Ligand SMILES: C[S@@+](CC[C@H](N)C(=O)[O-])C[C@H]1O[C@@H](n2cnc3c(N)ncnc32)[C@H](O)[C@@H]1O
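Presented as C-alpha cells, the chain that follows is alone, the form predicted alone.
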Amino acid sequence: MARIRMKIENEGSARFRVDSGVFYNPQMEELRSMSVTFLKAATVKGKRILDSTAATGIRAIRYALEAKGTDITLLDINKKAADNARKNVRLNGLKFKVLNDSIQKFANTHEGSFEIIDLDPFGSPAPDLYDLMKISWDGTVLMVTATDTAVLCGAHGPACIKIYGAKPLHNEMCKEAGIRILIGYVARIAAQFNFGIVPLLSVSDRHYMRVFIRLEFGAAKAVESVKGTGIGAFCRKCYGFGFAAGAAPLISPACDRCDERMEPFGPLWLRRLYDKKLTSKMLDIKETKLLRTINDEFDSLMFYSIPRITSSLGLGSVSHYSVIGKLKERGRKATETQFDSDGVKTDASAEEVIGAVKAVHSSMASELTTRQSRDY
C-alpha cells in the first residue's frame, strides 16, 4: 500500500487527504491527469460518471473540477475508502453520491446507465467488466486500468490464460501484445451485451496499462468487433509476425519467410489502438512526452526491438533513432513507440528492418575507422 498522508494536500485542482487503510498512489498522478485531459477532449453524450473503484475519490473530484463532470457517483467496496471519499468530496465543496458497495451488487440493482465508467482496480479489471456492461449504453466510454502487467506480459502465462483466455507474448514486445489482449477481452465481453468497441486511447506506462474504449450498441457492431480480434505469431529467427483475424482464425505454424516454427499468442485486438484526432486534441490541451509519442506513433501491428535484432546478429548496439532515419531514407514510414524505448514502429518488413540495422552499424563502423585513421 502507498504511504499514508494524513494532512491535506493538492493534486491538480483537488484538495484531499488519505485516511489510514485507504489506498492512494502518488505515482499515478500523471495517469489521472491524462484521464482529465481525455475527458476535456473527448466527445461524450453527457457527463454522468461512475468511478467504480473510488478509493480517496481523487479521480472523480478532479473530473468534476477540471473536466466539468456532473452527476458523479463514487463506489468502493472498502468502507474506510468510501468514508474517506465522502470527506474529500465535502472538502472540495462538491456533492456526489458516495456508496460503500461492490461493483457486482451495484450493477445488478442500479437503474439507469452511465456515459463514463472508470475502473481502476488493484490487479486485473477482468472480474468486473461483465457487470459494468449492465450499466452501460450506446456511447458509454470505459476507462479501464490493468495493473496485472506481469500476467498480461507473460511472466505468469497460465494466469493470463485463466483470466483473459489468452496466451501472452513473453519478450520485448509483450507490452503491446498485453494491451491488445486486454482490449480483445473487452471486445468479447462487450459483444455478449450487443456492444461493439472503438478504442480511443491505449496507454502502457510503468506498472500499468489503461485503455479508453467507446461502446457502440448493435449486434452487427458486436460481431464486427469480434472479427477485429484474432491470433498472432512471432518468429524468433527472423523477427517477423503473422496474424489471422476472426472468431476462429487459422494461422500457419511455420514462418513464411524462413520456415521456422512460430510462437503463437492471443487472442488479441488486431485493429487500431488510438483515435489520432482525439490524441491531437489532447495535445492541444496539455502536452506530455508520453502523449506526444502516442500521437506520433505509426499505426502498425506490433513493432521491432532493435536491441533484440543487434544481439541476434552479433552486432554492437545501434540507435533506434538512426534505424528510423535509415528506414525513412528508404521510403518507409517509421516512428518510436510507447511500448519500448528502443522499439521501432514501421511499415517495413522484417528483412528491411534488419537491412537498415546492418546499414546503420556499417556506417558507424566506417565512421569509427575514419576517425581512428585521422587520429593516428
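A residue's number is simply how far along the shown sequence it sits, counting from 1. No experiment lies behind these values; they were computed from the predicted model shown.
Heads up, the form predicted in complex with the named molecule isn't pictured, but that's what we're talking about next.
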## Note on the structure
Of the candidate stretches 113 to 121, 302 to 310, 219 to 227, 237 to 245, the one with residues having heavy atoms within 4.5 Å of the named molecule in the predicted complex is 113 to 121
### Heavy atom within 4.5 Å of the named molecule in the predicted complex - the one residue of N171, N78, S252, T293 that qualifies
N78
### Query
Given that the named molecule is left out here, which of V186, V141, I103, V151 has a heavy atom within 4.5 Å of it in the predicted complex?
I103
### Message
So, a 4.5 angstroms cut-off on heavy atom distances: do all three of F23, A54 and D128 pass it with respect to the named molecule in the predicted complex?
### Response
yes
#### Entry: Residue contact check: R32 to the named molecule in the predicted complex, 4.5 Å heavy atom
yes
#### Entry: Contact label in the predicted complex: I58 to the named molecule, heavy atom within 4.5 Å
yes
### Query
Considering only 255 to 282, what residues come within 4.5 Å of the named molecule in the predicted complex, judged by heavy atoms?
none
